[in-house]
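Take a look at this single chain in structure tokens; it is the form predicted alone.
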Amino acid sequence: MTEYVSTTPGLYPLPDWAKDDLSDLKGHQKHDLISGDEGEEITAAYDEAREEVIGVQEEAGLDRIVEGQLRWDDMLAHPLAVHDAVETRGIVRYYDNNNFYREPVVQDDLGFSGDVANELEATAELTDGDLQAVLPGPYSLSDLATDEYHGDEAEFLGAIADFLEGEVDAFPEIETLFLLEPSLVESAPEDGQDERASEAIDQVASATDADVVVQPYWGALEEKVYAHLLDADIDAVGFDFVANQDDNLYNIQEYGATDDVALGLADGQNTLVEDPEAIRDRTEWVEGQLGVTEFETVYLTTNTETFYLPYSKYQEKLAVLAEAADLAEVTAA
């Protein structure tokens, strides 16, 4: 019988009090963004905010607990933006929306950092729930960055995969790893690149015994990209059914799917809060469209990160996902 798991791709909005406090502590300029060497007061504010968002997830009843990635001022580029081998330069647009990040320019070997592992260690001390790690996928991270060291696109992607593999290897015990890959949709790899992107994802996934979910979003994958992604040794592919229902269904019907699947059914960028029964109904509808296919695990999630939302709406969305997963379990029983 299918297990329904409520979760999110992380990257939460800051609590309102933390936004105000950190604005005063950090300042408002580009050089005031997180660099990995923040002082005690800033660290303490983020620690308190982390504890709060963990409590929000537990209170909502989510099946997977994420750290929240509240320090990730540069969104998915964060792991590079705080790395010693990387120089951050001008502000660039974060995909097709009104958020911006510092351009990370790789200038040396990407050795081990441990920044994300440290966040997860701190999270593990605050919850007894099942822990989920969140990372940018290797293709998206390479797409967001600039290379001034390797000089070859394939070599650079390989270096990013090596770096992420090392970071995952240092993680504490986790139940699930979400690799976020919006660039697979927004900047789809060309012939040859698609196969290398799949191999890079496979390499990062191999560093953990946890279930690995690859979550593209803001649309559907091109057919060939999807077919190559299925070659990677991963447990689940995520589908953004908010942005593109038809093409995602087509991919599953035409090429099949992994044994587990992540369904992005709640809008991570829209303040309209979905109804839990509606999420449950859409889950059943998707499963019904696939005929005989029965997944072992279905992750119910927002389609994107939730930092776009007001804090109160983010809290409501988490509660909706948890209730929807409970409803789906009851319906399936």
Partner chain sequence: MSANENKDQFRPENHANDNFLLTTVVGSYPKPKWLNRAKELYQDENHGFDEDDYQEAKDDAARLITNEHERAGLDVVVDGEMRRNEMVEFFAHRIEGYEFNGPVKVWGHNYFDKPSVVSEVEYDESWLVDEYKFTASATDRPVKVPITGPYTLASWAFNEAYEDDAELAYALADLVNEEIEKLVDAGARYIQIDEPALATTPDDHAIVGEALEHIVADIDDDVRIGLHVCYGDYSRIYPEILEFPVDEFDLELANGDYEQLDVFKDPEFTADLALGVTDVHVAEVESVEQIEENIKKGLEVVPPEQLVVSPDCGVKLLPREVAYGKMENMVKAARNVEADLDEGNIDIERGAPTPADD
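Positions refer to the first chain, counted from 1. Just so it is clear, the model here is predicted, and its values are computed rather than measured.
The form predicted together with the partner chain is left out here; the points below concern that form.
Peer 1: Work out which of the listed stretches, 130-138, 89-97, 198-206, 156-164, brings a heavy atom within 4.5 angstroms of the partner chain in the model of the complex.
Peer 2: Stretch 89-97 is the one.
Peer 1: Just give me the single entry in 226, 72, 178, 217 that has a non-hydrogen atom within 4.5 angstroms of the partner chain in the model of the complex.
Peer 2: So the residue touching the partner chain in the model of the complex, by this definition, is 72.
Peer 1: Answer with yes or no whether residue 26 is in contact with the partner chain in the model of the complex, where contact means some heavy atom within 4.5 Å.
Peer 2: Yes - in the model of the complex, heavy atoms of residue 26 and the partner chain come within 4.5 Å of each other.
Peer 1: Quick one: is residue 308 in contact with the partner chain in the model of the complex, heavy atoms, 4.5 Å cut-off?
Peer 2: Yes.
Peer 1: Contact between residue 320 and the partner chain in the model of the complex at 4.5 Å, heavy atoms?
Peer 2: No, no contact at 4.5 Å.
Peer 1: Could you tell me if residue 271 has a non-hydrogen atom within 4.5 Å of the partner chain in the model of the complex?
Peer 2: Within the cut-off, so yes.
Peer 1: Taking only heavy atoms into account, state which residues of 6-37 are within 4.5 Å of the partner chain in the model of the complex, ordered by sequence.
Peer 2: 14, 16, 19, 22, 23, 26, 27, 28, 29, 30, 33 sit within 4.5 Å of the partner.
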